[in-house]
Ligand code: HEC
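The chain below stands alone and is given in structure tokens; this is the form predicted alone.
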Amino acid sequence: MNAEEKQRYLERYKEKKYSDGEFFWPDSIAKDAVVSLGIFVLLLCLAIFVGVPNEPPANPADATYIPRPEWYFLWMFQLLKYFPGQLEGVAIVALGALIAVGLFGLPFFDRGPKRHPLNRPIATVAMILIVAGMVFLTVQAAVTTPPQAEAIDLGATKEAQIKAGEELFKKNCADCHGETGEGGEIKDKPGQETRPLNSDDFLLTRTSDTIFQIISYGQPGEGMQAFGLAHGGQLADQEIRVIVTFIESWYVPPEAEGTDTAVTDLAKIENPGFAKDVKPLLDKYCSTCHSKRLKGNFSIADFDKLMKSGDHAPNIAAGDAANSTLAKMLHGVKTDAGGQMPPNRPLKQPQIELIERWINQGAQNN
């Protein structure tokens, strides 16, 4: 560009600047502020109404997780696949340096006065190739990367988590601890018993994190295996969390005792039946010790065994709950057969009264 062309260019620039130009303040700033506010509102709406799918918490023991960057970095990570081994580090440093030098040196590399893309074929073609390469690498990364394993959906509400935790507890813990945490014999170790988990002594003296660690790490000295993936078990952290939620749901504060609608409704059953009303209670609260294994040789497996089995049989005096060993023990009265039953979490008064009504009405197999 000679001096005359440069002079004409500067004159056209000055004319264009003052005729069609705008001030940085407040014109450009106002436009930028409006656009920034619009983008912020859009992101806020997406976060509220669309949201981001939750992934499971980070777990270093989970080898199935496939890490991947955000979509705008996929092309770079795909590019690294073409550099084997130790060359990856060299490639990423060299690529970053090349981009930095290119951006800083752009004013020196291209000093032509023309700005229209058609008048700059080399720069235009180079940029098209770069963008096309980034798009190609991004698509390749999305196509060749295996799909991410779905996060374990254990429910968003506490009720759903308790239900999921109950299913996992029954599958992994009930064999040794009983379905309601009443304790029982350790599987494959006759004579060794687990402590009750549904007692206030256990639930009030252990935090959620403590129970989590016990399940995850195990208690080898007490015969309990580790269940956490990080310690060789089969349960992910979020699965253990819902088991903890289920265990903690057993605790009922003293002020809430007797407010359970399902329990208080038992008082409305004037003529309880064995199969429909009594047997389900016994199965839920007594089966761990008096079904598959028999403490005191007493079984609740069926009606006949309930009436006749046990070292101190009969435990039920048909028509006379006051003199029935079972009713006494439900009330915590010491007998030759033992004391409080169940030992760690007594039945609620409406439940005991239902069993007593069934006994007083003849303890029939109805």
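The first residue of the shown sequence is 1; numbering continues from there. Treat the numbers as computed from the prediction; the structure is a model and nothing was measured.
Beyond the structure shown, there is the form predicted in complex with the named molecule, which is absent from this document and is the topic of what follows.
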property	result
A313 within 4.5 Å of the named molecule in the model of the complex, heavy atoms	yes
4.5 Å heavy atom contact, P350 to the named molecule in the model of the complex	no
Interface membership of A321, the named molecule in the model of the complex, 4.5 Å heavy atom rule	no
is_contact(N172, the named molecule) in the model of the complex, heavy atom dist at most 4.5 Å	yes
Proximity to the named molecule in the model of the complex, single hit among K279, K295, R241, K163 (heavy atom within 4.5 Å)	K295
Sole residue of G155, G223, G102, G232 within 4.5 Å of the named molecule in the model of the complex, by heavy atom	G223
Segment that reaches the named molecule in the model of the complex - one of 155-163, 94-102, 242-250, 69-77, heavy atoms within 4.5 Å	242-250
Contacts with the named molecule in the model of the complex, stretch 320-338 (heavy atom within 4.5 Å)	L326, M329, L330, A337, G338
